[in-house]
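What follows is one chain in structure tokens, specifically the form predicted alone.
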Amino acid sequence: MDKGYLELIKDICSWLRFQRSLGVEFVAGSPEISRFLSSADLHDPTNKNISGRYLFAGRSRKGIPGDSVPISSAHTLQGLKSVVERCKRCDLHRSRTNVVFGEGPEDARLLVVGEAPGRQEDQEGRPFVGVSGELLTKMLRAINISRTECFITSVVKCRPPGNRTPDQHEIAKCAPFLFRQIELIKPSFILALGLVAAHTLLKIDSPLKSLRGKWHRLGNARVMITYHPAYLLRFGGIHQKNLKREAWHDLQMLEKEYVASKST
């Protein structure tokens, strides 16, 4: 293959990866693109990011049912919710009762992000309505923030069987919905609950203890990371008290900046 042609393919792949990171799921088709795809050597190792990973002119990524709806076409939360409710990107759609899209004001200043729906959330189609939801409500109330002023959602919108931790494939397929929610809501603050939320939002795999207790940045939003309420409920005695004390420290940092931003 001509060297210049290879460089062109590399440039296109780089551009596609950038668009993918922004949550773009669809590239408008044209005769030129169709000719390029049909003539390109898609088995060439340098061109592997084109084959089977992106959507061109209505060509769905192979083996991913329900993956032909462009997320970027959703310009409102309600529109995005309609897309998510039809999602069949991974096998979690087979066992779900309801998609748990999230709830709260469309212009919420605080976005709360959990891991995935549990049994009760799956039944009701609402986020954090179980025991961990009750604790989350108390945690927010302790820093004078009402649930009704936050938008609350999760990284994965369908319940994993047995409430297991979602796997990397499921997270990868669902995360674009979360990032589109962030684009539409434009929150000033994000509270990430647990490792799955922290790793997904910040695109890092550091341990939670090195991430919490300080501010992070995601676009124009400031991100605070703390323990997931379900994790706090997993323990008892002095260990739970110590974890709650650390979470309280994180929440106080959020309260200070959240309240201060109201007066500016």
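Quick caveat, the model's predicted, so the values are computed rather than measured. Numbering starts at 1 and runs along the sequence shown.
There is another form of this protein, the form predicted together with uracil (URA), and it is not shown here; the text below is about that form.
Contact check for residue 111: every heavy atom lies farther than 4.5 Å from uracil (URA) in the predicted complex. By the criterion of a heavy atom within 4.5 Å, residue 228 is counted among the residues contacting uracil (URA) in the predicted complex. Among heavy atoms of residue 151, none comes within 4.5 Å of uracil (URA) in the predicted complex. Under a 4.5 angstroms non-hydrogen atom cutoff, uracil (URA) in the predicted complex lacks residue 191 among its neighbouring residues. Per the 4.5 Å heavy atom criterion, uracil (URA) in the predicted complex is contacted by stretch 111-119, the sole one of 71-79, 111-119, 138-146, 181-189. Although uracil (URA) is not shown here, in the predicted complex the stretch 193-223 places no heavy atom of any residue within 4.5 Å of it.
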